[in-house]
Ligand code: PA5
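Below sits a lone chain in structure tokens, taken as the form predicted on its own.
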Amino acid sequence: MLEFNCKNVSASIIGEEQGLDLEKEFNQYNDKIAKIINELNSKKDKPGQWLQWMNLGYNEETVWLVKEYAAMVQDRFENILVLGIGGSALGGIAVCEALLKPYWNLLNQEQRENLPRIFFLDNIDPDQINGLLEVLDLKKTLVNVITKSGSTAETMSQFMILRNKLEQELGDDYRKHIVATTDQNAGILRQISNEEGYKTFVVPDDVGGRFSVFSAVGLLPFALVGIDIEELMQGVKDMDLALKNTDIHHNIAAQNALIHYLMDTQKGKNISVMMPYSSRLKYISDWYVQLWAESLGKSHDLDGNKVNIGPTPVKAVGATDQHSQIQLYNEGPNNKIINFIRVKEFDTTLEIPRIFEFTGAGYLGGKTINELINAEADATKVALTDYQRPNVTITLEKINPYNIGQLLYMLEVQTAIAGELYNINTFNQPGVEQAKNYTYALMGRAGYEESAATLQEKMAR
């Protein structure tokens, strides 16, 4: 189980002005937290609540279907190309970067144990897309296109390009190089998939993109590159069981949700920094930024009051960002709470040679890089605390599928609890939809002519 240490937000450590009386706050909010946890779990099976992500860990059928397909196409493709944006890509990138060997795509076939390389196209930069197409042999590539609605302009434009090139290179066999993850019954991509005969997987109803990593959206790419998705899901299930505990003293997601909420609303700390001390966990921060920002940044609360609330998430990675951000965090505005992620046991050990012993660098000889990065984490944590900057630490025993499943699911539940504390709709994203609609209008989509005229007028001002 993950370890969670929140002592460095305590008033006894960082002072009453910046810190919280944790025991008092935990006791005061315990009943409210218990009610929130009970309500989330009671509503998760009800349509329209957007809580089906809480059931994904138990969807053994999806795991079986994904593993069956991965076994069927094993050794057929050298490359997997995932097309998606936002929640359709960020979870996949985060987990693959964490669980595959570093520099996976640069390893030879033997080093990858005959498993394919994996690429994610999560933007519509023409130089990036053209650059990838120049180096990728599409005859040896499986394209996984992910969009529930099929109306996501970025993903569908990518797919139209890839589908066209695949047909040009492969003729009628192009269909065997496409697998779609989309709505079960409706939407543009479902229509295309049915007409063209693609293999498909389902994005479940009532699961928003930023909560979809444990559906086929994430599980399919993971299985295709050999990640143990059963171990991943076991981590999710075990964490789900732990987070059903309604006593905040024994529920780490509830603790961190309440700490962030109180730090924001009582102490003016409306920036949440996610800072893992592992390059392999770097993209967990990217995934967290979307999860936190889209879920909690809202203009109105559930009672219709205009509130314009939401903590701002910031991504960082240790030790790199000690040399770019920590100066600001220590001596700049005291408006942040830092979330450290620590790894106790790395997969490998790297010793620093005993050379330059008669110089100022000699003290490093005989130590390990493992010791150094964790010393950096400890030193940064203590320094922040000296400056009365609140910080919490999540510790993983090691980076493996089980622990990554636990970590991501814990952060999902933490987000849902925080949304209830803010009294907002955690699962909608009207601010994103408006920009999408404007894009449809600018690109000439039917039905958006009036919006296009209004938009052109605004742009001309």
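Because the structure is a prediction, the values reported are computed rather than measured. We number the residues from 1 along the sequence you see.
The same protein also has a form predicted in complex with this ligand, omitted here; what follows describes it.
With the partner left out here, this ligand still marks one of 106 to 114, 135 to 143, 170 to 178, 149 to 157 in the predicted complex; by a 4.5 Å heavy atom cut-off that stretch is 149 to 157. This ligand in the predicted complex is approached by R210, whose closest heavy atom lies within 4.5 angstroms of it.
Proximity of E294 to this ligand in the predicted complex: non-hydrogen atoms within 4.5 Å are present. This ligand in the predicted complex comes within 4.5 Å of no heavy atom belonging to K398. Proximity of A435 to this ligand in the predicted complex: non-hydrogen atoms within 4.5 Å are absent; the residue sits far from the partner. Among I373, V225, V307, I85, the residue placing a heavy atom within 4.5 Å of this ligand in the predicted complex is I85. Listed residues Q429, N55, N41, T62 were compared with this ligand in the predicted complex; Q429 is the one with a heavy atom within 4.5 Å. Shown without its partner, the chain has no residue in segment 102 to 128 with a non-hydrogen atom within 4.5 angstroms of this ligand in the predicted complex.
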